[in-house]
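One chain follows as structure tokens, the form predicted on its own.
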């Protein structure tokens, strides 16, 4: 009798175990508590279901493979020389949106899982609805909505004038039922809007929690890799600008795309922060209209000021986002400060780098702004993360300080070193050609980026080696 009474408890203990894992450091606890004892974070523990070792081994996991190798089975994993591994180029399918294809690396790969994040109302759902309807002729799609009703999705599609043939819609948040419908309809593309609303029956936590988001995404990723179905996941963002949920979510997917845009502006920027099938930091530019998101074929034009006459404190630079050179206007405002510690404000670039550049300007250019407030802004909401902006920033600061505009149709780019030298940047010739295409007649660049003959078409290229030479040329 005693053995019979103990057997149900043992089987239940072996069936599943609930653990509470810290989302910050990964520490494991048997019960929930308010503060993590390892990292000290508050309210970071989330519930997880831990599979027992015997069950995982029976399914062909690590334990099973080890037992197979000890038994001498021929189907055990073997070490293979990397040069002998057969591989093929990924076949890509166009989304029907050129800027979207550019950010994805040339198109959508079968079996890829793409996470799209952005602020509320910026156009994530609109972009994916446009893409899934345009791809329906070649890839039948399933649009899963967990935040809107089917009538709202159909109404938006009708308002945008999108074709709906080949697209199925499902209003569901349970992952198990979503996968059942996918197995029945066999779509080649699934859009899940959004991953924070999904939940799985295997966990008792509420939808949107760290454990539910991670497990739901893992189920969809596993389905995508097993069936070759491409999956788009819409993700919410936190107030800090990151994808809400566990950080591991970004490691699970193949690509992470962020939708960015200035409040009140109709322009949107889609940027790739991770892409296993293409270049990162690739940029796609869209404009929001009454017919949805429209591609911007010439994004350099929207990042340049509408003013035709040169203005003090303005300098045009050529930055490079992924494979695309872009002309961006850098503006600076230098004004006397009433504070004992003058302000240094940078929008669109790193503030510490601005402070470093101002020190180089003082030390090697002989120009001091120690008692001045300095404000720097990159027009258009673009965030410049490369060193090519160093020289244009200093030229814009000098122009504002002296209240004298730079020469008309002048462009500049180059890295400024701590010893005052002007260093070349990658792809200098492509940047100069882009500037010449937009009608610029004069360029100030590092000597290593200057072409032979000192000209690109009708544009004069001034090569400089030191910061003092660049200031004189400006």
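Given the structure is predicted, the values throughout are model-derived calculations rather than measurements. Positions refer to the first chain, counted from 1.
Keep in mind the form predicted together with thymidine-5'-diphosphate (TYD) is missing from the figure; the text below concerns it.
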Heavy atom of residue 163 within 4.5 Å of thymidine-5'-diphosphate (TYD) in the predicted bound form: no
Contact test in the predicted bound form: residue 292 vs thymidine-5'-diphosphate (TYD), heavy atoms, 4.5 Å: yes
Close approach of residue 379 to thymidine-5'-diphosphate (TYD) in the predicted bound form, 4.5 Å, heavy atom: no
Contact of residue 236 with thymidine-5'-diphosphate (TYD) in the predicted bound form (heavy atom, 4.5 Å): yes
Single option in 196, 126, 173, 319 placed near thymidine-5'-diphosphate (TYD) in the predicted bound form, where near means a heavy atom within 4.5 Å: 126
Residue among 362, 402, 186, 159 with a heavy atom within 4.5 Å of thymidine-5'-diphosphate (TYD) in the predicted bound form: 159
Which of 215 to 223, 320 to 328, 390 to 398, 116 to 124 lines the interface with thymidine-5'-diphosphate (TYD) in the predicted bound form (heavy atom within 4.5 Å): 116 to 124
Contacts with thymidine-5'-diphosphate (TYD) in the predicted bound form - residues in 355 to 379 whose heavy atoms fall within 4.5 Å: none
